[in-house]
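Read the single chain below, which is given as structure tokens and is the form predicted on its own.
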């Protein structure tokens, strides 16, 4: 059975940060399955946060440890394991 990807929350992004920028930053620490900057549905503008999925839990933890508080685009990132969405 395949392990689920580790879903990582990335906050305090500069509005100019792209999904590709996230993929490159996290890719230094391992394989990135998916990187996505969340954008506003109406304006298409970045909402200042995103998510990165990494298949290897060890690589994901190294990326979290290295990038939490790191500078990307002039902003100090907030990086941690994403909490599961509560089902309503």
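The structure presented is a predicted model; accordingly, all values stated were derived computationally and were not measured. Positions refer to the first chain, counted from 1.
One more form of this protein exists, namely the form predicted together with the DNA; it is left out here, but the text below deals with it.
Though the partner is left out of this view, residue 75 does reach within 4.5 Å of the DNA in the predicted bound form, counting heavy atoms only. Proximity of residue 5 to the DNA in the predicted bound form: non-hydrogen atoms within 4.5 Å are absent; the residue sits far from the partner. Taking the partner from elsewhere, residue 61 is found to have every heavy atom lying beyond 4.5 Å of the DNA in the predicted bound form. Among heavy atoms of residue 31, none comes within 4.5 Å of the DNA in the predicted bound form. Annotation for 49-67: interface residues with the DNA in the predicted bound form are 49, 51, 53 [heavy atom within 4.5 Å].
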